[in-house]
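Only one chain is included here, represented as structure tokens and corresponding to the form predicted on its own.
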């Protein structure tokens, strides 16, 4: 898989995405399908908003007692015959899994979809060790063939059109007859399924992520719509769960409540097609299942977020609703963000994990319209957290010098209200005069970022402060 472009290249990535006609066509599906489906399924559940409040409170409770629940989870996994491995960094997590695979003579690994495995660079680490990693989620399989990273956390190939997928299958599946019809989604799915079936059967190790880890029982839970996660963990003789530490929930009942908001927020379904619970390796009377069960718990910077102004980000249950509703994501897609997690959640999480010096552009890639917060199933205040990162970026002098100078100039006037009112009033009158007869500007010094894409309406009447002052004066007269 190709390396991720660095997050500081966001502006260049965004320009390329805006000029990509095929990408813009594909992103239209995000703008329509995800939003409409979520709205419909949420409206059919009268208690949906109450469930969001409960989910928020539960996640906050877990984060406040994370050490207690992680230790309880570890005890239960060990009691069930499994093993727990603690990984402080991404490199350590990958090394643990690679060592497990090498010590068991594994030649291939079947992977269920897992964003944490993307975060720790697992595929590349396995390949360096001479072990073939095969993505079994349809979207992940397609982008693996193309050597690309996921562009969405729940729909990794959402940036592609059906024609792109057919062309990729014909390029890689060289045995396909030229007259084989791949014009329908069902035929593409059947082709992938036939190819992947042999991969499931041959795999020595299965790796899955986890939507939730249950402290009460030592259970890992995954949700899928294809069943590939079940095959990845049942057929191979070793099942490895890789999950970040905040995925823990206290009880199965708590997990059930979170599942009710997860699918509705993610794909507009009442429930995902498959909700699979795994607890330890195969028991004596089990008909199938792995001989070994391992859980790799990944920190990779999350402990540093606990107790900080960014702790609320750890509530996230990876539904993707924030990016499904984000106008910036709609315009540029996921690859423009330059790392594993795109959209508003990535704009907060990525600087937390790799540093604001490498990801400082991302919190600025927002209109602050608030749609992300309004649809988040656990009510993460994403705009507020992005503002915190902007403040950190400014304090460390990582933002562009022009931006800092502009804010410094504004602050000079803002601390001098009389001068501020005089200058803004003068500017308003000057702009209104310059645009006389036109009513708008097609170009304007210091505003080319706006006028390059749209006209700038000319001011009409007085400044806001002047209008507010006049309105207050009228109210005093009436009283």
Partner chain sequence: MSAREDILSNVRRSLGVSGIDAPRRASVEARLAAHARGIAPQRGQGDAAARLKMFVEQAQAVATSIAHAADVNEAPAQIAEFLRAHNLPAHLRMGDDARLRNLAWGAASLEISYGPSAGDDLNSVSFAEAGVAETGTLALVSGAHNPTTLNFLPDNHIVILRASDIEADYEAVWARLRERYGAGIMPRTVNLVTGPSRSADIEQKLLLGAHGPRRLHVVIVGD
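Numbering follows the first chain given and starts at 1. Quantities reported herein were computed from a predicted structural model and do not represent experimental measurements.
This protein has a second form, the form predicted in complex with its partner chain, left out of what is shown; the following refers to that one.
Taking 4.5 angstroms as the cut-off for heavy atoms, does residue 260 touch its partner chain in the predicted complex?
Contact with its partner chain, yes.
So in the predicted complex, is its partner chain close enough to residue 226 to count as touching (4.5 Å, heavy atoms)?
Judged by the heavy-atom cut-off of 4.5 Å, residue 226 is in contact with its partner chain in the predicted complex.
Find out whether any non-hydrogen atom of residue 431 is located within 4.5 angstroms of its partner chain in the predicted complex, and reply yes or no.
Residue 431: no, not in contact with its partner chain in the predicted complex.
If we define contact as a non-hydrogen atom of the residue within 4.5 angstroms of the partner, is residue 168 a contact of its partner chain in the predicted complex?
No - in the predicted complex, heavy atoms of residue 168 and its partner chain never come within 4.5 Å of each other.
With its partner chain left out here, work out from 283-291, 386-394, 339-347, 359-367 which stretch has heavy atoms within 4.5 Å of it in the predicted complex.
That would be 283-291.
Counting non-hydrogen atoms within 4.5 angstroms of its partner chain in the predicted complex, say which of 268, 139, 121, 82 makes the cut.
For this set of options, the contacting one is 139.
Which listed residue (90, 131, 155, 375) meets the criterion of a heavy atom within 4.5 Å of its partner chain in the predicted complex?
Residue within 4.5 Å of the partner: 155.
For its partner chain, considered in the predicted complex: do all three of 104, 151 and 381 come within 4.5 Å of it, counting heavy atoms only?
No.
With its partner chain taken in the predicted complex, which residues across 221-245 come within 4.5 angstroms through any non-hydrogen atom?
Result: 225, 226, 227, 228, 230, 231, 233, 234, 235, 239, 245.
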